[in-house]
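Starting off, we have a lone chain in the form predicted alone, written out as structure tokens.
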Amino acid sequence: MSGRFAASNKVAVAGYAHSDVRRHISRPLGALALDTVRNAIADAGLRPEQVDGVVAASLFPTSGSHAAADGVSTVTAGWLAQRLGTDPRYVSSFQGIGQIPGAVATAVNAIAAGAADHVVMFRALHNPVGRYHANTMREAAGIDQWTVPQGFFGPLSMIGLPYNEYLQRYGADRESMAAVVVEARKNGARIPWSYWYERPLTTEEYLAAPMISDPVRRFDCDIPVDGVAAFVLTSAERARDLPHRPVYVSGYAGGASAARRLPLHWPLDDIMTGGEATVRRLFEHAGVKPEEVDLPQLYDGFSPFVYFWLELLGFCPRGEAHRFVQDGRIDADRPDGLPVLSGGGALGNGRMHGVPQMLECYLQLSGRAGERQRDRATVAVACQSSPHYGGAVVYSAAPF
């Protein structure tokens, strides 16, 4: 049986909208999401009553004790659909990891199956007052009893382990770690809605930042923010009658089943083995080969994810990503550079959880990237989260 997606290139992204990204926005998250969704619908040349599908990824990604309140700290598809002033016939929230790829897949499948004609998909991120991962836990029970008392808790410890493995196994150094972050911040500093707008970072500033969970430094982590992005998807046939050039969804894949470990135990070999399966299914589903991708947008919520995705997608050999990066091969300003962070990523925009990657693919393939527009952008990949845990989507400027 062929692994090619039956609906490959039959659904397209037709418009978008993006709010400002700030540490804390004074307006409630729900109000910001509602305005952003309406702006995306208008950008696609549609009226709200023409949108009959609403899809969201609504995870509140904190390990802290913050309560999740719909419309305040998170926004579900149901909350927004009730306030959009329409009567959508399809409403769904993706609940897994790899929120953007999962939500895109949900929207595409709904359109391909005829459950909806025009779907608005959105992601709303909230930064609560106080420490993002602050936790009031007084006792560690269940599986936490084996790690929390030793201080092994939260995503920083989780990513610190495989990052340290990578550095030791392949001889990577601090300067190569800096190169990823400096590239992301350079590109993010050019984007008006970014939290880091007009604030690039130097290697010296990166190296001088505090160590948080060795070897993870402060700027290896995306910064928590308030922000919303929304996209409108419809059938490829309908999209051709709308104002902007359609960007086609060629295929997608989510992470494979991970090895049975403690939840925060991510050995490097597990990431790469699971990631190999993710990437193999992605290219089979989309019907493209790695060498056909000219716009990879790699996830960088933590900087080492860029190394992992670079190697798994085949852009450099295993164990060579740190040299590839340090040689300037991901410099988006070089004519021969691989623009893996040309949209600024999470490190250059703020913690928007896969939105910068999808948005850059859409803007470049639709010819709407303005001064950042690349001469050649035909097949793009947008990744989110760890390769073994999240997912990725292949987009195309033309159906094939």
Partner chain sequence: MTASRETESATEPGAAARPVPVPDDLSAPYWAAAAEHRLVLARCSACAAFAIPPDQICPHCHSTTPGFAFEPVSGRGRVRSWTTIRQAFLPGFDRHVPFVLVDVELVEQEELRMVGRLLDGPDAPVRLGASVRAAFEDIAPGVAVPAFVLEGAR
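Predicted model only: the values in this text are computed from it and were never measured. Residue numbers count along the first chain shown, from 1.
What follows is about the form predicted in complex with its partner chain, which we do not show.
- Shown alone here, Phe324 lies farther than 4.5 Å from its partner chain in the model of the complex, counting heavy atoms only.
- When its partner chain is considered in the model of the complex, Gly130 lies well away from it, no heavy atom lying within 4.5 Å.
- Interface residue remark: Arg261 is counted as part of the site for its partner chain in the model of the complex, having a heavy atom within 4.5 Å.
- At the 4.5 Å threshold, heavy atoms of Arg169 reach its partner chain in the model of the complex.
- With the partner removed from view, the residue among Leu207, Ala140, Val72, Ala277 that has a non-hydrogen atom within 4.5 Å of its partner chain in the model of the complex turns out to be Ala140.
- A heavy atom within 4.5 Å of its partner chain in the model of the complex is found for one listed residue only; from Phe315, Tyr90, Phe153, Trp196, this is Phe153.
- For the marked spot (Ser157, Glu165 and Met211), a heavy atom within 4.5 Å of its partner chain in the model of the complex is present in each of the three residues.
- Only one segment in the set 97-105, 266-274, 75-83, 288-296 has residues whose heavy atoms sit within 4.5 Å of its partner chain in the model of the complex; it is 266-274.
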